[in-house]
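This document opens with one chain alone, in structure tokens, the form predicted alone.
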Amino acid sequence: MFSLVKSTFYREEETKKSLCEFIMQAKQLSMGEQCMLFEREFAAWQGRKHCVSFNSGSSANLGLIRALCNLGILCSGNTVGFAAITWATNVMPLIQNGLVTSPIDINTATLNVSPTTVLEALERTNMQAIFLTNALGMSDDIASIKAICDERGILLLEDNCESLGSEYNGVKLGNFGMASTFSFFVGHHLSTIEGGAVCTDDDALDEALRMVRSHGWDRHLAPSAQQRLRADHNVDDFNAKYTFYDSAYNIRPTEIQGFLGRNQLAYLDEMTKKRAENFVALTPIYDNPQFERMQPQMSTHSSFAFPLLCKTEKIKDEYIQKSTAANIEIRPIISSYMPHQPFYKKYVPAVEHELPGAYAVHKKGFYFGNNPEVTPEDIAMLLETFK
């Protein structure tokens, strides 16, 4: 069976042994020193000032949107554009926080929102923010999208849960928007079993994220920030640890996730290199005239999976059967066409404009896995099946 993920961790046996030793010796397993150290190390690796870790990538999305609302950067009724091909929990926090959602079409050659589709969307809808999804380790011309947002005063955010390590023109994805979210789910680039993070260079947002992650209290803020909040709200020392300053959740990680994040971060450059090499080795599949050719624009391509967009639905059905016969696990491309998802139709009025790129991916696309443990034998089998 060729599955999407071969193991829970990279170098799994030694990682599990290290984890067992850590658990046996640890005095604390709730969020503590390991999480703090991982945040510092991940922020340095990503090249951003702050990293705030969460118990999942979905929680990172939820915490980011709530924190922006708490700060007044986003307000109920604001319109936020999002990629029509994305994961459900990129969109759900927008709806849950009273924001108006507007799907943006994608370029089928990159599976991502492009400058052209952004401009088309802005002709129809006035947006206060755009929450991009960098899909499957790729982006379109994200630098031009950032320029459009800067020129028009639109807040740019990135869901980078599937593109950890990818770079556009030498800049890591996740470093174009005011903030970016990451997932460390077991099937993603870096596994802490469950886990996630938000990265930003904004000090006020970093502070708001640390409160929204943990009940709305100030326990995990710098002493100067604690003193400011307590003075502003006339809170004495006796009540300080049990004062809640804003709308929040409990979506904290554990020390186990912090430890695993630090362990796997040591291998992240190696894993990124192997994912990129695998994708290059598999690109002859796009010579098959039954598939559209993907055109990643990445200077570093940390490929999450290998996507295939068939010329017709009939061809897709044939390859689904062929993959099943060859014991190759395949999936729809992310959550496919978001406006058709039941939750979206329940809470959002019908989308009146067409999204032909996203709909084509929904009807004719699928992917199979790519990970650092793919072998030359796996590559040969996949080329035989799809080329």
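In this text, residue numbers run from 1 along the sequence as written. The structure presented is a predicted model; accordingly, all values stated were derived computationally and were not measured.
Below, we turn to the form predicted in complex with a small molecule, even though it does not appear here.
Think of it this way: in the predicted bound form, the small molecule has a heavy atom of just one of 78, 102, 89, 278 within 4.5 Å, and the residue is 89. With the partner omitted from this view, the residue of 46, 323, 336, 56 that lies near the small molecule in the predicted bound form is 56 [heavy atom within 4.5 Å]. The small molecule is not shown here, and in the predicted bound form it never comes within 4.5 Å of any heavy atom of residue 261. In the predicted bound form, the small molecule sits beyond 4.5 Å of every heavy atom of residue 113. In the predicted bound form, the small molecule sits within 4.5 Å of a heavy atom belonging to residue 188.
In the predicted bound form, the small molecule sits within 4.5 Å of a heavy atom of residue 162. Contact with the small molecule, judged by heavy atoms within 4.5 Å in the predicted bound form, is confined among 26-34, 323-331, 56-64, 341-349 to 56-64.
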